[in-house]
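Encoded as structure tokens, the following chain is the form predicted alone, with no partner shown.
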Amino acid sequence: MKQYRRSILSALLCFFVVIALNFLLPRLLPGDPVAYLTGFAEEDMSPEKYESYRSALHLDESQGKQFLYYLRSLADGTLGYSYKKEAVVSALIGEKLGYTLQITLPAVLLATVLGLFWGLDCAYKRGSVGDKLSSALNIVGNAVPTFVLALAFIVVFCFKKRLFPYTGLNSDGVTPGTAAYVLDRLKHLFLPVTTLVAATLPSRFLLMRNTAAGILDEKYVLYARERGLSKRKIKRAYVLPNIAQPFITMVGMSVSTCVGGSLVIENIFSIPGMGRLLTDAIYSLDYPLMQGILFVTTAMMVLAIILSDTVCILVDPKRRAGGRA
């Protein structure tokens, strides 16, 4: 339990650091904080407009009160206001978050399941030709950047083979709500999801393969083999329970990795998700929107880590007993 509490505290500390940086950076950077918090240059604003922004942002009050107003915007779910887009930041993010999750959630599920069973199978057959080829392939794949994989898939499957579309989420002229619309959406999502799976699968495979290989060398597994138990029985009764914790942790880490990778992939495939929204915010210097996206993505990652650690506690009696079982 002590390790669990330490992990939770570390995750929450990182989250609060992001919150503090979101508040402090625009106020500590050289220049006028009004420009950073609105995205407008000071020379582009009239004196009246400048004073109205300064009052709306509470910059005429103390730093302590400004921080309380900032925390209130987080607590009430608005996450601030985008003066460039003239909209509440949470509304802008909420509009795009669903598109990002359409890529992230399938990728997390597929990369996790494939990494588990592929790694477990290669661990049981370690030293074989299939294990060596799989390990070499994933070691190389783990070093390839996500954007390189995306561009390679576009060149091969979009331009040369012309099997899949390479931009957007739906083709023009497809009626929403129909079966054709759903199939068209799946066709557009195939390459982005496949790219994200290919980018995150190698690390999952290597973790599962090496963890399971170490367990297969334990004496209780060797005794089970000597007793003539089948490979399936050994996997189910001896290996899977002992790789439960690293597997659950892997699921939590997959969420954070896939969220970050999705932001890159969305720009390459022209998908109007949070990645595109973040790019627009950077180019237009929309700092409130950038801060909101950073807050939401960090919150998703921290929540995934906390949930995975909590599940580890629930499935492991030793950790519930503080390691004394």
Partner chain sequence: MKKKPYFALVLGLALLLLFTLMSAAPGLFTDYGLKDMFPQWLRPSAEHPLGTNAMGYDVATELFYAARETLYVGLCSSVLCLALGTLIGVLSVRTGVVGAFFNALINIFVLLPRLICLIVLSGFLGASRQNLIALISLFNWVGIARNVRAKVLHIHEQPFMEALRIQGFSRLHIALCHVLPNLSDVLLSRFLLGVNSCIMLESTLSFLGFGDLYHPSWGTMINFAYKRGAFLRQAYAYLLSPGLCIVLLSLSFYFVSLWFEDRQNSIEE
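The structure presented is a predicted model; accordingly, all values stated were derived computationally and were not measured. Basically, rigid core = biggest C-alpha set you can superpose within 1.5 Å across the two forms. Positions refer to the first chain, counted from 1.
The discussion below concerns the form predicted together with its partner chain, not included here.
With respect to its partner chain in the model of the complex, the three residues L71, S73 and L97 uniformly fall beyond 4.5 angstroms at the level of their nearest heavy atom. The closest heavy atom approach of A20 to its partner chain in the model of the complex falls outside 4.5 Å. Though the partner is left out of this view, S230 does not reach within 4.5 Å of its partner chain in the model of the complex, counting heavy atoms only. At a distance threshold of 4.5 angstroms between non-hydrogen atoms, A87 is out of contact with its partner chain in the model of the complex. Its partner chain in the model of the complex comes within 4.5 Å of no heavy atom belonging to S52.
Contact with its partner chain in the model of the complex, defined as a heavy atom within 4.5 Å, holds for exactly one of G130, P145, P241, G214, namely P145.
Comment: its partner chain is not present in this chain, but in the model of the complex one of L183, L109, I139, A237 has a heavy atom within 4.5 Å of it, namely I139. Residues from 248-287 that approach its partner chain in the model of the complex with a non-hydrogen atom closer than or equal to 4.5 Å are M253, V259, G260, L263, V264, N267, I268, L278, T279, I282, Y283, Y287, in the order they occur in the chain. With the core held fixed, the Cα of S10 is displaced between this form and the one not shown by 2 Å or more.
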